[in-house]
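In structure tokens, one chain follows: the form predicted on its own.
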């Protein structure tokens, strides 16, 4: 099929370049209602994602238009030719600034290893099911529904410059809804996990934590407004918060002027008193579903230090946008390892605080730095006792807090993130019911 596509491409005038992403996907899926298997299915998909590039000039400016389409192996030469002519025409109207496509390299990539590669996907499904349901032993609460997905994806990337690389990724996705009803107030919680390796202990720990949160949420008291209170951010929200720095350093954000980050800038200000951000971007991170030796353009990925001692070291991103900025092409790196901080979790709790354990939907706006959300569950310590509360909400901006925030000594790993497990902010406002 690839030879057929390349043959048709060679017969069409006006095409400057092309990229083919041949994707072979296989998947196993299980759907549960409580502990009963409701449905299972397998999938096998083979598609060819083709991007056509057309260079043209207008008013003295050079452009490289791009347009993408999908092809299947069942198509005839005439079908392919018709689609490629239309795709070429579409590319001729796209006014992207001109840049060169990726060149091949002889360097060896970092390679990720996943336990899923050692057997058939279907063999792992009973073991994943056991990991999910092992903590479901309570009469008052348990798993309401669950969906387990295990995907294998073989990526074959070629372009007109001679790039020709292949790599395989695995993704284990688990969606869980837990419930708790012991006569007080029925509660349901939803969580989603992404894993790149077989890590049953992480799944079991997540479900155990959800069940405990469901129980606490059922008995939680309504939150009251708190002023000038220490706030501890924990878990998934920490990942979302810190990824702000990575998103703002992306070359596309810089080029499109949605970020004002400058190389050499002290991102937390000249007089930051808290823990200083340090982060590496990595092609391979153990257990990450985003690990890959190449990006979607076929760029060989290498580790980079993005932020050191709070200072932005470089921009990173796809070949198109790093080319526009005139910086080295790093490719799109999707894994981030943040340095942990100087303060233990226990030390964070020495003064009155509210720990935000679970949100309905925590959001960090990468454009403005605004963050916050409605809190499903929090632990409030008034100096004497810890009480579970619900219904609080928080809203602030990273510029107001990051010069004095404290990062935990304790670390965690959530898919493509590795770094602090907790962040302490001092003197924030928390709204109540």
Partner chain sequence: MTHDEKLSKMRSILDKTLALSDELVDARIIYEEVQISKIFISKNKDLTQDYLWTNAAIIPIGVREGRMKYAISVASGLKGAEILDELEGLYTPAVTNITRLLGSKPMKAGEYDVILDPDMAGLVAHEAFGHGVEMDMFVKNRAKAAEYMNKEVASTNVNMYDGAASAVEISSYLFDDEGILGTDTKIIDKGILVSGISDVLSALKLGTRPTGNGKRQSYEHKAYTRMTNTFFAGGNDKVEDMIASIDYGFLLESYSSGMEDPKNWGIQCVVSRGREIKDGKLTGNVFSPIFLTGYVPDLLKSMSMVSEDVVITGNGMCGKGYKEYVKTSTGGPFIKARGRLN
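Numbering follows the first chain given and starts at 1. Keep in mind that this is a model prediction, so the values were computed, not measured.
The same protein also exists as the form predicted together with the partner chain; that form is not shown, yet it is the one meant from here on.
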For this session: Would you check whether the partner chain, in the model of the complex, lies within 4.5 angstroms of a non-hydrogen atom from each of 147, 360 and 400?
Result: yes
Problem set entry | Partner contact for residue 248 in the model of the complex: the partner chain, 4.5 angstroms, heavy atom | yes
Exercise. Would residue 1 show up as a contact with the partner chain in the model of the complex if we use heavy atoms at 4.5 Å?
Worked result: no
For this session: Look up in the model of the complex whether residue 327 has a non-hydrogen atom within 4.5 angstroms of the partner chain, and give yes or no.
Result: no
For this session: With heavy atoms only and a cut-off of 4.5 Å, decide whether residue 179 touches the partner chain in the model of the complex.
Result: yes
Exercise. Based on heavy atom distances of at most 4.5 Å to the partner chain in the model of the complex, which listed stretch, 345-353, 138-146, 312-320, 123-131, is the contact stretch?
Worked result: 138-146
Seminar exercise, completed: Checked 377-400 against the partner chain in the model of the complex; residues with a heavy atom within 4.5 Å, sequence order, are 391, 392, 393, 394, 395, 396, 400
